[in-house]
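Single chain ahead, written as structure tokens, the form predicted on its own.
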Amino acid sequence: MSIRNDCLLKILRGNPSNRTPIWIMRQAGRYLPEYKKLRQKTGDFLQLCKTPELACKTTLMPIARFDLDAAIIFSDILVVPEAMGMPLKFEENKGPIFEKPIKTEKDFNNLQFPPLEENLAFTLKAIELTKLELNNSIPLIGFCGSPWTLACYMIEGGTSKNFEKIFRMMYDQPNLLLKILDKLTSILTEYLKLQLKYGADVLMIFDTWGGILPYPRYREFSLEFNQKIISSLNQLNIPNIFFSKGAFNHIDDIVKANPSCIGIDWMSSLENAQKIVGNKSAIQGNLDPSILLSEGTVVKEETKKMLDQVNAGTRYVVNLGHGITPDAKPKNVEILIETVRNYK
């Protein structure tokens, strides 16, 4: 059965659309009052991710409130390493913490390479439930973190300012790091294919920490592995989005990886991206997320400025240059969407 509002799918597949699609990274989350109420009831963030009915409910919150062209399943990229046997917890004001990070080859060898359909059944069930609730009104986006990004968390033990542990491994034990990235690539490819099986219409790879790599190392430790995942998805003709934050210096190589769509952050030039990408891929982004903290007039002006840069031939998806922040004003999201809808 075809999706009624398929403007995002059209753009990703290279077809013309009479509507410019808009969705927002992290659109189901902490900036919404209804989400905050739900979190107060459930308490633990991971428990919310792992309860399919609640994950479905959270996914649909922004869809009920805003005129968006896609839903993205409510989950977290770190459920994958947890399923591999790395106990995970989220602490307020600290974020994710792995109590036993990977330090040695032995640590890596002790990890499980699990039956994903069983170990990540909660996300797959949430996708299935959400797909039913959406009733083919708009597409549903599934996602994963990139191998490099997951490795950063798994080796650092959580978020990091300097990423010293993973860089030390990259220089002192490159073969071990490549082995970790290779295994993650296999697992993530399987996970994305399972999301497709359970109802996802589009698949996205978040390479959040790709941009921290030294320029000569980006291809070897990030893009090579993402390219393998993208290639597997392309073979199945699955529309996909690749977002590598802070990696605009590598956009020529990212184009060669052949994703359906390339996400660009707010620090990148939309104008230059169009020159390099041309019509080889769609482009998504790149509004500064902090604009949504400002006044409505600013949101309107900045959104128009961004749209003014889009060339007639560009396959373009409106989005922020990174995830929406917890203090963003829901009213500003309305203004953003309204501005896109009214733009001539």
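Just so you know, these numbers come straight off a predicted model, no measurement behind them. Start at 1 with the first residue shown and count on from there.
The protein also exists as the form predicted together with a small molecule; that form is not presented, and the subsequent description refers to it.
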(request) Would you mind picking the one in 130, 226, 260, 75 that has a heavy atom within 4.5 Å of the small molecule in the model of the complex? (result) 75
(request) With the small molecule left out of view, choose which of 159, 119, 272, 137 has a non-hydrogen atom within 4.5 angstroms of it in the model of the complex. (result) 159
(message) Within 4.5 Å, heavy atoms only, one stretch in 229-237, 189-197, 203-211, 261-269 touches the small molecule in the model of the complex. Which?
(response) 203-211
(request) Determine whether any heavy atom of residue 52 comes within 4.5 Å of a heavy atom of the small molecule in the model of the complex, and answer yes or no. (result) no
(request) Please check if residue 66 has a heavy atom lying within 4.5 Å of any heavy atom of the small molecule in the model of the complex. (result) no
(message) Does any part of residue 148 reach within 4.5 Å of the small molecule in the model of the complex? Heavy atoms only, please.
(response) no
(message) Using a 4.5 angstroms cut-off on non-hydrogen atoms, would residue 27 count as touching the small molecule in the model of the complex?
(response) yes
(message) Does the small molecule, in the model of the complex, lie within 4.5 angstroms of each residue among 246, 248 and 316, using heavy atoms as the measure?
(response) no
